[in-house]
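Next up is one chain by itself, shown in C-alpha coordinates, the form predicted on its own.
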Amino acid sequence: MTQATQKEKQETDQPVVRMKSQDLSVFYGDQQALFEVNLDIYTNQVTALIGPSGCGKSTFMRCLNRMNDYVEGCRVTGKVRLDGFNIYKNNVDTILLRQKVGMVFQKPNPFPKSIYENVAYGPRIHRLVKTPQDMDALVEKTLRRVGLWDEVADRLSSPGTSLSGGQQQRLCIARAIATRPEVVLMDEPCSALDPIATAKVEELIKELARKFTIVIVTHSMQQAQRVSDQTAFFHMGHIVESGPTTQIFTAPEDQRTRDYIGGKFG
(Lines give C-alpha, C1' and ligand atoms only; values in the text may rest on other atoms or scores of the structure.)
Protein backbone atom coordinates (compact mmCIF):
# COMPACT_ATOMS: atom_id res chain seq x y z
CA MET A 1 0.00 0.00 0.00
CA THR A 2 1.44 3.38 -1.01
CA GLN A 3 1.73 6.28 1.43
CA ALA A 4 -0.97 8.14 -0.51
CA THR A 5 -3.31 5.15 -0.26
CA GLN A 6 -2.59 4.79 3.45
CA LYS A 7 -3.37 8.47 3.96
CA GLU A 8 -6.65 8.14 2.04
CA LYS A 9 -7.62 5.11 4.14
CA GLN A 10 -6.82 6.95 7.38
CA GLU A 11 -8.95 9.90 6.26
CA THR A 12 -11.78 7.53 5.32
CA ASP A 13 -11.57 5.82 8.73
CA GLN A 14 -11.93 9.10 10.62
CA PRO A 15 -15.38 9.41 12.23
CA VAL A 16 -17.65 12.05 10.76
CA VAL A 17 -19.14 14.68 13.06
CA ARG A 18 -22.95 14.66 12.84
CA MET A 19 -23.69 17.11 15.69
CA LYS A 20 -21.51 19.39 17.75
CA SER A 21 -21.98 21.87 20.57
CA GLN A 22 -19.91 25.03 20.65
CA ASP A 23 -19.57 27.06 23.86
CA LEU A 24 -23.03 25.85 24.88
CA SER A 25 -24.31 27.32 28.13
CA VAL A 26 -27.75 26.90 29.72
CA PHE A 27 -29.39 29.07 32.37
CA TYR A 28 -32.54 28.37 34.37
CA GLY A 29 -33.39 31.86 35.53
CA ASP A 30 -30.30 33.07 37.39
CA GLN A 31 -28.95 29.53 37.84
CA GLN A 32 -26.38 28.35 35.29
CA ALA A 33 -26.67 24.63 34.52
CA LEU A 34 -24.13 24.22 31.69
CA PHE A 35 -20.88 26.09 31.17
CA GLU A 36 -19.54 26.51 27.62
CA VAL A 37 -19.82 22.84 26.68
CA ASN A 38 -18.00 21.74 23.52
CA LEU A 39 -18.64 18.21 22.30
CA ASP A 40 -18.54 16.40 18.95
CA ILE A 41 -21.08 13.64 18.28
CA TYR A 42 -20.05 11.24 15.55
CA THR A 43 -22.13 9.67 12.79
CA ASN A 44 -23.20 6.04 13.37
CA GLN A 45 -21.64 5.92 16.79
CA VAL A 46 -23.12 5.72 20.29
CA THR A 47 -22.06 8.59 22.55
CA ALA A 48 -22.67 8.03 26.26
CA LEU A 49 -23.10 10.95 28.65
CA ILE A 50 -22.10 9.97 32.19
CA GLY A 51 -21.76 11.78 35.48
CA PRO A 52 -23.47 12.17 38.87
CA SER A 53 -27.06 13.34 39.25
CA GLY A 54 -27.54 17.03 38.53
CA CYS A 55 -24.33 17.37 36.53
CA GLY A 56 -26.01 18.58 33.33
CA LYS A 57 -26.25 15.40 31.22
CA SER A 58 -29.98 15.56 30.56
CA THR A 59 -29.91 19.34 30.21
CA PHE A 60 -27.29 18.97 27.50
CA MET A 61 -29.26 16.23 25.76
CA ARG A 62 -32.41 18.37 25.72
CA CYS A 63 -30.42 21.10 23.98
CA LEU A 64 -29.79 18.77 21.04
CA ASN A 65 -33.42 18.94 19.88
CA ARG A 66 -34.42 22.13 21.70
CA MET A 67 -36.67 20.42 24.23
CA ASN A 68 -35.47 23.07 26.69
CA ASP A 69 -37.61 25.50 24.71
CA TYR A 70 -40.53 24.16 26.77
CA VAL A 71 -38.87 24.99 30.12
CA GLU A 72 -40.00 28.34 31.45
CA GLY A 73 -37.10 30.66 32.21
CA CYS A 74 -34.56 28.56 30.32
CA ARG A 75 -32.00 30.46 28.26
CA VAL A 76 -29.43 28.87 25.94
CA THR A 77 -26.31 30.53 24.56
CA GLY A 78 -23.73 29.15 22.17
CA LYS A 79 -24.40 26.88 19.23
CA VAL A 80 -25.49 23.34 18.44
CA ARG A 81 -24.81 22.29 14.87
CA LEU A 82 -26.51 19.47 13.00
CA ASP A 83 -24.61 18.70 9.81
CA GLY A 84 -23.05 22.14 10.12
CA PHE A 85 -26.32 24.06 10.58
CA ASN A 86 -26.90 25.92 13.85
CA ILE A 87 -30.22 24.64 15.23
CA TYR A 88 -30.54 27.68 17.50
CA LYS A 89 -31.07 30.12 14.66
CA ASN A 90 -34.31 32.07 15.04
CA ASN A 91 -35.97 30.67 11.92
CA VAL A 92 -35.52 26.97 12.76
CA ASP A 93 -38.66 24.82 12.48
CA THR A 94 -38.47 22.87 15.75
CA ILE A 95 -41.05 20.33 14.56
CA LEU A 96 -38.83 19.45 11.63
CA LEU A 97 -35.80 19.48 13.92
CA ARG A 98 -37.40 16.92 16.22
CA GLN A 99 -38.15 14.74 13.24
CA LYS A 100 -34.43 14.72 12.51
CA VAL A 101 -33.40 14.40 16.16
CA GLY A 102 -35.74 11.91 17.82
CA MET A 103 -35.95 11.20 21.54
CA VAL A 104 -36.65 8.23 23.82
CA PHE A 105 -37.41 9.05 27.42
CA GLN A 106 -36.46 7.41 30.70
CA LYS A 107 -39.88 5.89 31.38
CA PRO A 108 -41.64 4.07 28.54
CA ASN A 109 -44.42 6.40 27.38
CA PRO A 110 -46.42 4.88 24.52
CA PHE A 111 -49.17 7.05 23.11
CA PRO A 112 -52.70 6.03 24.22
CA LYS A 113 -53.17 4.45 20.83
CA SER A 114 -52.73 1.04 19.23
CA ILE A 115 -49.31 -0.52 18.69
CA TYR A 116 -49.72 0.19 14.97
CA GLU A 117 -50.65 3.84 15.51
CA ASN A 118 -47.75 4.42 17.89
CA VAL A 119 -45.40 3.68 15.01
CA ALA A 120 -47.51 5.24 12.25
CA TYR A 121 -48.26 8.52 14.02
CA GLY A 122 -45.00 10.33 13.24
CA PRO A 123 -44.71 9.27 9.59
CA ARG A 124 -48.36 10.28 9.10
CA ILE A 125 -48.08 13.81 10.49
CA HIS A 126 -44.80 14.36 8.63
CA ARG A 127 -46.33 12.89 5.44
CA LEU A 128 -43.48 10.46 4.92
CA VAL A 129 -45.63 7.83 3.17
CA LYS A 130 -48.27 8.12 0.47
CA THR A 131 -50.43 4.99 0.66
CA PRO A 132 -51.85 2.69 3.36
CA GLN A 133 -49.77 -0.11 1.89
CA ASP A 134 -46.63 1.95 2.28
CA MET A 135 -47.57 2.69 5.88
CA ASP A 136 -48.15 -1.00 6.59
CA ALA A 137 -44.71 -1.77 5.17
CA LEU A 138 -43.07 0.99 7.20
CA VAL A 139 -44.70 -0.15 10.44
CA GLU A 140 -43.62 -3.74 9.87
CA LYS A 141 -40.08 -2.76 8.90
CA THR A 142 -39.73 -0.53 11.95
CA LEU A 143 -41.11 -3.10 14.38
CA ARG A 144 -38.77 -5.71 12.88
CA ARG A 145 -35.85 -3.33 13.34
CA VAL A 146 -36.52 -3.10 17.09
CA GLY A 147 -37.18 -6.82 17.41
CA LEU A 148 -40.89 -6.50 18.17
CA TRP A 149 -42.62 -7.71 15.03
CA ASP A 150 -42.71 -11.40 15.92
CA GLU A 151 -44.04 -10.53 19.38
CA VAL A 152 -46.85 -8.19 18.31
CA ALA A 153 -47.69 -8.97 14.65
CA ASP A 154 -51.00 -10.61 15.61
CA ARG A 155 -52.15 -7.76 17.90
CA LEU A 156 -51.24 -4.52 16.18
CA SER A 157 -54.62 -3.06 17.11
CA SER A 158 -54.00 -3.63 20.84
CA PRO A 159 -53.04 -0.63 22.99
CA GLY A 160 -49.33 0.10 23.22
CA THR A 161 -49.80 0.23 26.98
CA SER A 162 -50.78 -3.46 26.98
CA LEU A 163 -47.16 -4.46 26.34
CA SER A 164 -44.59 -5.28 29.01
CA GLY A 165 -42.23 -2.53 30.17
CA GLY A 166 -39.38 -3.71 27.96
CA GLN A 167 -41.67 -4.08 24.96
CA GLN A 168 -43.10 -0.61 25.58
CA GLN A 169 -39.62 0.89 25.54
CA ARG A 170 -38.78 -0.86 22.29
CA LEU A 171 -42.08 0.43 20.90
CA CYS A 172 -41.06 3.96 21.92
CA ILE A 173 -37.74 3.44 20.15
CA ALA A 174 -39.66 2.26 17.09
CA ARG A 175 -41.81 5.38 17.30
CA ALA A 176 -38.66 7.53 17.45
CA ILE A 177 -36.98 5.93 14.42
CA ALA A 178 -40.12 5.65 12.28
CA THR A 179 -39.70 9.29 11.18
CA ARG A 180 -36.24 8.42 9.80
CA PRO A 181 -34.24 10.68 12.10
CA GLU A 182 -30.56 11.37 11.74
CA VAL A 183 -29.92 11.32 15.50
CA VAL A 184 -31.70 9.41 18.30
CA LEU A 185 -31.46 10.72 21.87
CA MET A 186 -32.05 8.25 24.71
CA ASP A 187 -32.41 9.59 28.25
CA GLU A 188 -31.72 6.65 30.58
CA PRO A 189 -33.80 4.29 28.42
CA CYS A 190 -33.17 1.25 30.63
CA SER A 191 -33.54 2.70 34.12
CA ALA A 192 -37.12 1.42 34.50
CA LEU A 193 -36.43 -2.01 32.99
CA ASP A 194 -35.48 -5.39 34.43
CA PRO A 195 -32.10 -6.97 33.51
CA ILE A 196 -33.52 -9.12 30.69
CA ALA A 197 -35.32 -6.19 29.05
CA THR A 198 -32.24 -4.02 29.58
CA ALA A 199 -30.07 -6.54 27.72
CA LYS A 200 -32.50 -6.51 24.78
CA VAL A 201 -32.53 -2.72 24.60
CA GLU A 202 -28.74 -2.57 24.81
CA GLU A 203 -28.41 -5.02 21.92
CA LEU A 204 -30.93 -2.92 20.01
CA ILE A 205 -28.91 0.26 20.64
CA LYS A 206 -25.77 -1.33 19.21
CA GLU A 207 -27.71 -2.59 16.20
CA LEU A 208 -29.36 0.78 15.56
CA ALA A 209 -26.00 2.56 15.56
CA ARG A 210 -25.37 1.03 12.15
CA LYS A 211 -28.14 3.25 10.80
CA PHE A 212 -28.47 6.11 13.28
CA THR A 213 -26.31 8.40 15.39
CA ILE A 214 -27.18 7.77 19.04
CA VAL A 215 -26.66 9.78 22.23
CA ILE A 216 -27.49 8.06 25.51
CA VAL A 217 -27.60 9.41 29.05
CA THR A 218 -26.87 6.69 31.57
CA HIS A 219 -26.04 6.42 35.26
CA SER A 220 -24.65 2.93 34.64
CA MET A 221 -20.98 2.99 33.83
CA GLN A 222 -21.20 -0.68 32.91
CA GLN A 223 -23.88 0.15 30.36
CA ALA A 224 -21.78 2.98 28.93
CA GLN A 225 -18.89 0.55 28.50
CA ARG A 226 -21.11 -2.08 26.88
CA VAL A 227 -22.93 0.05 24.32
CA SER A 228 -20.98 3.23 23.55
CA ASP A 229 -18.15 4.18 21.23
CA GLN A 230 -17.58 7.62 22.77
CA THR A 231 -18.07 8.82 26.34
CA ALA A 232 -18.34 12.32 27.81
CA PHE A 233 -18.03 12.79 31.57
CA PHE A 234 -20.05 15.71 32.97
CA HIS A 235 -19.47 17.25 36.39
CA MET A 236 -21.16 20.35 37.81
CA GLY A 237 -22.23 21.59 34.40
CA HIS A 238 -18.86 21.13 32.73
CA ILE A 239 -17.48 18.43 30.45
CA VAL A 240 -14.45 17.22 32.36
CA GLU A 241 -13.30 14.78 29.73
CA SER A 242 -14.51 13.12 26.54
CA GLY A 243 -13.14 10.64 24.05
CA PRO A 244 -13.29 6.98 22.99
CA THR A 245 -15.06 4.93 25.66
CA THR A 246 -12.14 2.52 26.09
CA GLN A 247 -9.79 5.42 26.76
CA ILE A 248 -12.13 7.15 29.22
CA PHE A 249 -12.59 3.98 31.27
CA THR A 250 -9.06 2.57 31.12
CA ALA A 251 -6.82 5.64 30.93
CA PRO A 252 -8.71 8.80 31.97
CA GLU A 253 -6.62 11.93 32.04
CA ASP A 254 -8.46 13.88 34.73
CA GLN A 255 -8.42 12.92 38.41
CA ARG A 256 -12.14 13.69 38.70
CA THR A 257 -12.88 11.14 35.99
CA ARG A 258 -10.72 8.56 37.74
CA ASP A 259 -12.51 9.24 41.01
CA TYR A 260 -15.98 8.97 39.47
CA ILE A 261 -15.21 5.77 37.60
CA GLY A 262 -13.58 4.41 40.76
CA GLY A 263 -16.78 5.02 42.74
CA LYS A 264 -15.40 7.74 45.01
CA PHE A 265 -18.40 9.96 44.32
CA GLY A 266 -21.62 9.90 42.31
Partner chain sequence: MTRLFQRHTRIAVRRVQRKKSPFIYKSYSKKPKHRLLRKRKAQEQRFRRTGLAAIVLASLFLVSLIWNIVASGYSAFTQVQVRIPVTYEQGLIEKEAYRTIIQKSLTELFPNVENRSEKRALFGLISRNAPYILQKEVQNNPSLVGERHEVWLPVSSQISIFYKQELYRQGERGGSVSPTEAAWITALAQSKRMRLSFNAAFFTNGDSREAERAGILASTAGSLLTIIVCVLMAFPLGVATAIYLEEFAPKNWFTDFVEININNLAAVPSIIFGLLGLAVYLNMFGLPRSSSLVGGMVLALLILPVIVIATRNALQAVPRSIRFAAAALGATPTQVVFHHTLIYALPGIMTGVILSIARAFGETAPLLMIGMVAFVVDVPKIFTDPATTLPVQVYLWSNNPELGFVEKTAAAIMVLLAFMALINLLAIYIRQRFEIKW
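Numbering follows the first chain given and starts at 1. Being a predicted model, the structure only gives us computed values, none of them experimental.
Below, we refer to the form predicted in complex with the partner chain, which is not included among the displayed structures.
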Inset, instruction - Sort through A153, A137, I125, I196 and report the residue having a heavy atom within 4.5 Å of the partner chain in the model of the complex. - result: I125
Legend entry - Among the candidates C190, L163, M103, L148, the residue which, in the model of the complex, approaches the partner chain to within 4.5 Å (heavy atoms): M103
Inset, instruction - Indicate whether the partner chain has at least one heavy atom within 4.5 Å of a heavy atom of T179 in the model of the complex. - result: yes
Inset, instruction - Could you confirm whether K141 comes within 4.5 Å of the partner chain in the model of the complex, counting heavy atoms only? - result: no
Legend entry - the partner chain contact at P112 in the model of the complex, heavy atom, 4.5 Å: yes
Inset, instruction - Decide whether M67 counts as a contact residue for the partner chain in the model of the complex under a heavy atom distance cut-off of 4.5 Å. - result: yes
Inset, instruction - Using heavy atoms only and a 4.5 Å cut-off, decide whether all three of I95, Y121 and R175 touch the partner chain in the model of the complex. - result: yes
